[in-house]
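Presented below, as structure tokens, is a lone chain in the form predicted on its own.
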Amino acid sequence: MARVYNWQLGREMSYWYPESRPQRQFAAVFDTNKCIACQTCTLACKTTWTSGKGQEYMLWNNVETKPYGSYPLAYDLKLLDMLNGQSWAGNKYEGQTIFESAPAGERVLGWRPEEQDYAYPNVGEDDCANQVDSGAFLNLPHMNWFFYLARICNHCTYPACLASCPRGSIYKRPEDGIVLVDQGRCRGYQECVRGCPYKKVFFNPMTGTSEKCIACFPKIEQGIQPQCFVNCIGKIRLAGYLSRPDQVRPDNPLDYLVHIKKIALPLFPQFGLEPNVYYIPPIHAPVSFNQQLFGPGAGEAMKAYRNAANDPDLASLLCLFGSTEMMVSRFRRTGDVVAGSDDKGAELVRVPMREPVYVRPAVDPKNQLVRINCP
């Protein structure tokens, strides 16, 4: 095995192939505090990519209710249990990744879900941690809590699906780092399904090959964000390209959120894949739970998000989420207005940080009537 550097773990780790980063890496940030679990993203993806035979159970995009939701069933809990705990020393991970803890003769520590595990896409939906008794009322911080976690393929820097494929049919595009399956080479061994810790690779029994999220790369090539991004009602998503920590560009929205403010964190960094979808942790969930999902920086990220009202640059950038279907490569705040531009510097969108408020008087003198709220 090769030795590669995983900056999310703060150390080198073992991987089956030498480090080979793409020219630029497609990445995304999801703000969990805005997600309302309307599943519009799920349906947008479903109707675009997985409406065919053999794809009925496939959800390349799904939204889970944490702490109890998961698709397929218990995908995260089973692997965390197999890893037998995790150990961080500050921002350095001292435990073993799924590559380093793989049994002899296997490339990746993993498991293959049973058919029944895919039968409950809405398990745990709106279930909260702790009991809500009759007469209970809201206390702050939340006594009883849950939150929604939207998930797509993470297009990892060190994909477990790629490492586990005996046919070499999975690859990362050098131009943007999107992970794809060459279905001409795939023979349906399903080692990728077994190896992916996020369970975002699916087997199509009709074609006998594996399929997965392709990050809507035909749209990416035109500078447009993926379907699940542009259809998001809650405006929780922002797609772009992420630089390495030593090549950070402050006007890059993703660099600013991930590397500078460190407010957006990877999902289960301890698995060792260096995933490229990042989450702003929910500020009402327990810090300990967020740390299990997003790593040791979760507490500081929650504080930074709570302080966004006092941080004009961060607040302005959060206003760009969902403001345009185009991929925003640069941002700039001028006073109370933030502008987003493409990678060539052409302005794509201009958004006010505060929308004006108009209060209509109860009486309309022009039409001589009293305005009322109609049911």
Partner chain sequence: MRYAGVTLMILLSAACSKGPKQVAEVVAMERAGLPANPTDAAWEEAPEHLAKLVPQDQVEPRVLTPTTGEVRVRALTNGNEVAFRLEWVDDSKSDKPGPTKMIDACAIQIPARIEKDLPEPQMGQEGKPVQVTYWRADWQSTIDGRGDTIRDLYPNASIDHYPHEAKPLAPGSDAQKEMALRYSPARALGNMRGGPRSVPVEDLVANGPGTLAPGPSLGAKGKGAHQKGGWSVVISRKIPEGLAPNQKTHIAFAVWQGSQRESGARKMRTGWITLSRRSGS
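Predicted, not measured: the structure shown is a model, and the values here were computed from it. Positions refer to the first chain, counted from 1.
The same protein has a further form, the form predicted in complex with its partner chain, not shown here; the description that follows concerns it.
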| item | value |
| --- | --- |
| Contact test, all of R3, N84 and E94, partner its partner chain in the predicted bound form, heavy atom 4.5 Å | no |
| Single option in E115, D246, E221, D133 placed near its partner chain in the predicted bound form, where near means a heavy atom within 4.5 Å | E115 |
| Selected contact from P166, P141, G90, P174, since only one has a non-hydrogen atom within 4.5 angstroms of its partner chain in the predicted bound form | P166 |
| Interface stretch in the predicted bound form with its partner chain - options 55-63, 22-30, 334-342, 309-317, non-hydrogen atom within 4.5 Å | 55-63 |
| Residue contact check: V230 to its partner chain in the predicted bound form, 4.5 Å heavy atom | no |
| is_contact(Y17, its partner chain) in the predicted bound form, heavy atom dist at most 4.5 Å | no |
| Heavy atom of I236 within 4.5 Å of its partner chain in the predicted bound form | no |
| Contact label in the predicted bound form: D255 to its partner chain, heavy atom within 4.5 Å | no |
| Sequence-ordered residues of 199-233 touching its partner chain in the predicted bound form, heavy atom within 4.5 Å | F203, P205, M206, T207, G208, T209, E211 |
